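Let's start with one chain on its own, the form predicted on its own, as structure tokens.
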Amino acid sequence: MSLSRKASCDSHGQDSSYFLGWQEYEKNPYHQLHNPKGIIQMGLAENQLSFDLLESWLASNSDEFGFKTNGVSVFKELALFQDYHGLAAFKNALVEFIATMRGNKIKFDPNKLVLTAGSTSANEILMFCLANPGEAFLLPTPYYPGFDRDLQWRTGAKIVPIHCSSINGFRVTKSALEQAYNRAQMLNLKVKGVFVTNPSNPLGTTMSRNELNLLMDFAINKNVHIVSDEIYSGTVFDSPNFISIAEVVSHRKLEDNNINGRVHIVYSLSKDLGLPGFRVGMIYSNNETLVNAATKMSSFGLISSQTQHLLSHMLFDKQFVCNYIHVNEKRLRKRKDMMVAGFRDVGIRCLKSNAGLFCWVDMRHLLSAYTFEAEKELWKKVLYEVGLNISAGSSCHCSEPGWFRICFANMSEKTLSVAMQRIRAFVGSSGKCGNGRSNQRSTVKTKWVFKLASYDDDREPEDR
């Protein structure tokens, strides 16, 4: 007997290069001793740089780890039934933590918080709440490949891309917003909102105040929602500082405007604290009706009471939190600089970034032609011949072939050095010397090669 249409359809996105690369890695994973020629995983946006800080806290707080409070076991209390609203202590700790991450410029109310099993669940729940099947959200490109699954697969919502360009560093512009909105209308799709990741995955950049104001003006004028996925807000390691969409609402004194009920934030501890296995996510919204509906939906994916208990104690430890934020920021900056320098040495440029666990890497000059077919060929060479799993820009819906997302925080420094050595050998064998200039055997540049220039500056996007 056949399965349901939802179970048998192929709209999950599992066949994209993003997921295929993971499958190949799992067949042949790199190990320094046991499999030194295996594939190095550079497609996983995971923060493993500060595990020692987490483990040190656990070692010093054995009571919480052993489910005790003041030496008394709370195991039975945690093991028995808990409703889907979550533990009050954890929600209080979480809102204080996200406020700290944002420099305490904004206060958050735990009653406006919905706990979810990771940001994947949070984003899908928001789509169920905000869009009917066949209605659309606008997303700036490039965007995280998993959004095709998270936002569309089960909800029936549609994604319409806001096409951004390397000319201005892939910044969102007023014209790009309007073009995407008009494209949705031509497709007879009702636009329910704009969905952004800030800081951006895969760009590793924070949105400027100008961009956020553009989004706010657009949402007000079109009477639509804004969803801001701020899962990487604690990974900002360089200027400019992170600006939350909540800060824009406060700065413009829009608390009494009805737009305040159409602004929703998604967050998780997966990236900032490096705890994706704990499945801790959240929705924050001033829309009481949405919070009530999302809370009911969250019963299909809850955070265990044991996890909430442990993390509430960790997040309430102000000394630990402040030290973690400071040390983690320094480590991320150092590791990112190491990767950028390694690419620069072989003539490969990266988009200037200040956040995230990855770099947006420009390999357009290594393409055999300026096409997505050539990008796929290059991706396959890097995966199978070089032994690096990286994410092709086309899987992120980038409109320009030749860009790749490459992660740097999910491996040791030694493993990253091996990866950079492999890149150096590959570029050298492709007819490039160490400074990125063509050698005598390859002096003719095809006309599609772009001049590497303007995408690494700090200029604001144009408003046209």
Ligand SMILES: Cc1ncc(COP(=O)(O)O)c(C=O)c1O
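Being a predicted model, the structure only gives us computed values, none of them experimental. The first residue of the sequence shown is number 1, and the count goes up from there.
One more form of this protein, predicted together with this ligand, exists but is not displayed; see below.
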| query | finding |
| --- | --- |
| Per-stretch contact check against this ligand in the predicted bound form, the hit in 228-236, 373-381, 247-255, 214-222 (non-hydrogen atom, 4.5 angstroms) | 228-236 |
| Single option in 193, 118, 140, 274 placed near this ligand in the predicted bound form, where near means a heavy atom within 4.5 Å | 118 |
| Candidate from 170, 284, 90, 144 lying within 4.5 Å of this ligand in the predicted bound form - any heavy atom | 144 |
| Non-hydrogen atom contact residue 295 with this ligand in the predicted bound form at 4.5 angstroms | no |
| Any non-hydrogen atom of residue 349 within 4.5 angstroms of this ligand in the predicted bound form | no |
| Distance check, residue 123 to this ligand in the predicted bound form, heavy atom within 4.5 Å | yes |
| Residue 205: touches this ligand in the predicted bound form, heavy atom cutoff 4.5 angstroms | no |
| Heavy atom contacts to this ligand in the predicted bound form at 4.5 Å, residues of 251-272 in sequence order | 268, 270, 271 |
